Ligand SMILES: Nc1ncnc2c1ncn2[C@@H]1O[C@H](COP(=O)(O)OP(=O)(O)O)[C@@H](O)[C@H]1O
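Next up is one chain by itself, shown in structure tokens, the form predicted on its own.
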Amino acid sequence: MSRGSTTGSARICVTNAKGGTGKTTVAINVAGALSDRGRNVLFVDLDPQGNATEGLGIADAYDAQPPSLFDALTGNPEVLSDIVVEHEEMDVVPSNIDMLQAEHELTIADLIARINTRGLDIDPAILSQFAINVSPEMVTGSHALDTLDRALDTVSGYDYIIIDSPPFYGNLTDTGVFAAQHVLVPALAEATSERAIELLMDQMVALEQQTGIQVEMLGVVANRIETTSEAEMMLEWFGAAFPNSPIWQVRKRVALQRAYSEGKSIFGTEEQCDMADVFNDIAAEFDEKFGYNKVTA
């Protein structure tokens, strides 16, 4: 997808099912860097835990009454535009406590799609009694992973849509990857990341085979780098595993955590941080790839 969705937005899913990689911090600061370069950014917090919603200073939205992102994913895609929250750096689709039910709901939708596709002698309406919003009439294709894609098609005016995915594998994560078809992978420079990334790549291949899309790796953010032999070894492994993708190195900085606590990216604060240059490099790479190669800020 080269700015080829119906909205014209470049969509990027920041994903890694391994917890503790700083995925949300990376997603917020990439979005902040793009905004700092003059881009119109929509940030989507797809994680039911709502860490990005909190980290962007809009925690109250997590407990807001419906409609929410849950309803856009499992009921009416049109409500997405109604739940966008303005932030000084970017617009945000916040997560919500109702998103804790999203995986269950999307699993039912997937089962309905499988029944329809395989022509099984089962009435899919039977599954509706176990759902909150999903009904057989809503599931028309061979899979039910296009719900976020359809919801995002209802909004316009954004150069980039950054999706912060959940830290686990499942239908909810797959909806984020399906909608974006471009992924940025945060990873710690430690040995446990090797297995996590291998599993992620297997998951991407399975998703491509199931849906017919092609998922493009935009790069790896080696996060919270420390000066150790293990980190050096893993950086070499990242380079060998992804020879055609950039490997950006982000060192641990208290300034990034302080910005998160203030509800901003590092670009929304007055504090100087050398890692801001790394996130700006990522944004510049994306601008080049997606055709926004002129800084307008």
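Position 1 is the first residue in the sequence shown; the rest follow in order. A quick note: this is a predicted structure, and the numbers were derived from the prediction, not measured. Superpose the two forms; the largest set of C-alphas matching within 1.5 Å is the rigid core.
Below, we turn to the form predicted together with the named molecule, even though it does not appear here.
K.L.:
Could you work out which of 269, 257, 245, 40 is the residue within 4.5 angstroms of the named molecule in the model of the complex, going by heavy atoms?
P.N.:
It is 257.
K.L.:
Exactly one stretch in 222-230, 108-116, 205-213, 132-140 has heavy atoms within 4.5 Å of the named molecule in the model of the complex; which is it?
P.N.:
Going through the listed ranges, the match is 222-230.
K.L.:
Taking the named molecule as it sits in the model of the complex, is residue 280 near enough to touch it, meaning that at least one heavy atom pair lies within 4.5 angstroms?
P.N.:
Output for residue 280 is no: heavy atoms all beyond 4.5 Å of the named molecule.
K.L.:
How about residue 9 - does it come within 4.5 Å of the named molecule in the model of the complex, if we only consider non-hydrogen atoms?
P.N.:
Although the named molecule is absent here, residue 9 would stay clear of it in the model of the complex, with no heavy atoms inside 4.5 Å.
K.L.:
In the model of the complex, does residue 46 have a heavy atom within 4.5 Å of the named molecule?
P.N.:
Outside the cut-off, so no.
K.L.:
So in the model of the complex, does residue 250 come within 4.5 Å of the named molecule, heavy atom to heavy atom?
P.N.:
Answer yes; at least one heavy atom of residue 250 falls within 4.5 Å of the named molecule in the model of the complex.
K.L.:
Any residue of 278-293 with a heavy atom within 4.5 Å of the named molecule in the model of the complex counts; write them all down in order.
P.N.:
Counting only heavy atoms within 4.5 Å of the named molecule in the model of the complex, no residue of 278-293 makes contact.
K.L.:
Superposing on the rigid core, I want to see if residue 230 changes position between this form and the one not shown - specifically a Cα shift of 2 Å or more.
P.N.:
Where the cores coincide, residue 230 still shows a C-alpha shift between this form and the one not shown that is 2 Å or more.
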